[in-house]
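To begin, one chain is listed below as structure tokens, in the form predicted alone.
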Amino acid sequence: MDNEIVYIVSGLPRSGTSLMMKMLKEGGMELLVDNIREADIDNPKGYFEYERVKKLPEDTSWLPDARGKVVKVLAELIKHLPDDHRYIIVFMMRDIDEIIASQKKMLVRRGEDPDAVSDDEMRTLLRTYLRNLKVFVGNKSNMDVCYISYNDLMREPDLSIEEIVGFFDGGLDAGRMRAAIDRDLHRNKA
């Protein structure tokens, strides 16, 4: 891996970002994580987060520590990454209805109202958000992105892994990446 590049896994909440972080780790990449957010029923294998990322755009002082490593950045924070770094991004996509179902279950477990926003309104918001984000990233000369479908990864893992390994110019252990996939955790299916 290039020690001048910040490698990022991103996506909407509940889109498979934690799985991709685990896969890249198993594939041989070093992660930037702090393990403050512990595994729970929603992510029994862990979240693979680095809390300081959530302070973007106010705090970017952690970015030099991220060079040559993989860090998870929520989709909504991608637009706050400063232009003075180069980013290679694996962006996780997932069926919108599965995301909504998964988010609702998580909200219920946290004692929050899962119906504060209707499914139709949420579906429209998420689709619009993704369209705008793709345009934003597509216009950034310092960002290269590979869009990976969580659903395809669950159905045909070898094809998705081949795409990821190719995106990273080889050097990843595809077998170990495949072994990191736990299909039993694909609990909210459209």
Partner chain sequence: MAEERKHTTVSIPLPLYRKIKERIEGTGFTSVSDYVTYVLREVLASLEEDQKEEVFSEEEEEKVKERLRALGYLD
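Numbering follows the first chain given and starts at 1. Every value quoted in this text rests on a predicted model; they were computed, and no experiment measured them.
Just so it is clear, the following notes concern the form predicted together with its partner chain, a form of the same protein that is not shown.
At least one heavy atom of residue 47 is located within 4.5 Å of its partner chain in the predicted complex.
Shown alone here, residue 140 lies farther than 4.5 Å from its partner chain in the predicted complex, counting heavy atoms only. Proximity of residue 158 to its partner chain in the predicted complex: non-hydrogen atoms within 4.5 Å are absent; the residue sits far from the partner.
Although the partner is absent from this view, residue 31 stays clear of its partner chain in the predicted complex, with no non-hydrogen atom inside 4.5 angstroms. Not one of 95, 145 and 167 is positioned with any heavy atom within 4.5 Å of its partner chain in the predicted complex. In plain terms, the part of the chain that comes close to its partner chain in the predicted complex, with a heavy atom within 4.5 Å, is 125-133 out of 23-31, 150-158, 125-133, 63-71. Residues are counted as partner-facing when one of their heavy atoms sits within 4.5 Å of its partner chain in the predicted complex; in 156-176 not one qualifies.
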